[in-house]
Ligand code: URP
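First comes one chain, alone, set out as structure tokens in the form predicted alone.
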Amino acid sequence: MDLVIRGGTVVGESGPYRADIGIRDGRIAAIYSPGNAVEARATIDANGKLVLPGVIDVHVHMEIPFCGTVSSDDFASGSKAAAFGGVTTMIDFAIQAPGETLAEAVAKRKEVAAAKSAIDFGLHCGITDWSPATRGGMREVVEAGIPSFKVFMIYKQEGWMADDGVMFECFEEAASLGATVCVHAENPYLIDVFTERALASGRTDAVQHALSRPNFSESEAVQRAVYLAAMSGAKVYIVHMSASDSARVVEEWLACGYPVLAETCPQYLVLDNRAFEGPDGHLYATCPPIRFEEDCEYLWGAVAGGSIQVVSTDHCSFTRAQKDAWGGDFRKIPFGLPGVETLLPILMTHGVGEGRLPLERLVEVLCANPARIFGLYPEKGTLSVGSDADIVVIDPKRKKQITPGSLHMNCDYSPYEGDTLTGFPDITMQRGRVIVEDGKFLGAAGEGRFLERKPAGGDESG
């Protein structure tokens, strides 16, 4: 063997168990009973530690032009930070520009990411300029290893918004290709109404960002998106779901037998509207917004119960200076939060550590389900013989207090600042190579591999 990880508690979807893991040529070659005498060129002592599959963050935005600026993490800094958080695979977005073909959008984004990413990566294709040519181009994108698309129900000003007709036609074509459509579900017309009311009352403070996007402006859009998807037979995946009302909509469709897929993010599990209080409230503006404590608790239950299948980050970082450019007008705040480095620790601490999630459910929502849904399983998302040796070793007793200086994202604040978290890896491995060890980065920009994915099949709703 090239390497054996000895003595650890391996966490799989069926629960934790003691085992040694043998690695050869970047893949898991064998799983042994503890204490085996297999020879290896190198060993890692994992006694007293947890051994998990590398985390898959299926929703990140690196160096994306947005809200009049560009997100502060590029693929190099963002992927490095991801590795420090135990994320070994990320999926970013190739968003179509006006007049651009989908294939052109993908080629440009792939080139940028491949030159910089230190971890393996895939792409979703964002559809923003619908036409017969765009519809015809979806097949080429799927055949190029990108069987997932994204449509936005908002962002008309940015030229990204898909109306119901466009969304339905996109669903139809995706269904014929076996592709998944990711949907940003918010109702822009309701948001406009509440924005105008806030301005009429002279309110432009940061909390208006959340108040102008009430829960039902998301849940109505979720209902509409899933209905249109159901009528077309498409696989629909609701991204960054933030409201308890939205989770109830998803649960109603699941109860009717329609296999809608949904994700939420750490910010919607552990932060609430109190974040907007105080002079730094604008730092917490993201889209959809952080909501209320009762929403957090309901979403935790949905994650544990299976109606939310994935937790990812929607990582879109901006510095304080970028956020401060809002100038007191909530409409001008760059929407987005840093999170790729803290995804696993947040769920380890506030999910597993506080009794909301068993370890095996954490592995499902961070590793196995993302891999299944987006066509990466079993190459990724599991510790099985033949899978890529993307492995995270964690000391469950080690704690770390969050400060901007303690993290590696290109952002000078954290929404979780002051929190003390467990779950930061001692070791992160990508395809059998150690890329983070004891707080040191051993990887390099450009070492990540583009992942050609196939349309997922079978049961993806675990």
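One rule holds for the numbers: they count along the sequence shown, beginning at 1. None of these values were measured; they are calculated from a predicted model.
From this point on, the text means the form predicted in complex with the named molecule, which you will not see here.
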Wondering, does residue 316 line up within 4.5 Å of the named molecule in the model of the complex on heavy atoms?
yes
Taking the shortest heavy atom distance, is residue 61 within 4.5 Å of the named molecule in the model of the complex?
yes
Quick check on residue 266: any heavy atom within 4.5 Å of the named molecule in the model of the complex?
no
The named molecule contact in the model of the complex: residue 137, any heavy atom under 4.5 Å:
no
With the named molecule left out here, work out from 163-171, 81-89, 283-291, 104-112 which stretch has heavy atoms within 4.5 Å of it in the model of the complex.
283-291
All three of 66, 155 and 240 touching the named molecule in the model of the complex at 4.5 Å, heavy atom to heavy atom?
yes
Since exactly one of 361, 235, 184, 350 fits, which has a heavy atom within 4.5 Å of the named molecule in the model of the complex?
184
Give me the residue from 298, 258, 335, 130 that has a heavy atom within 4.5 Å of the named molecule in the model of the complex.
335
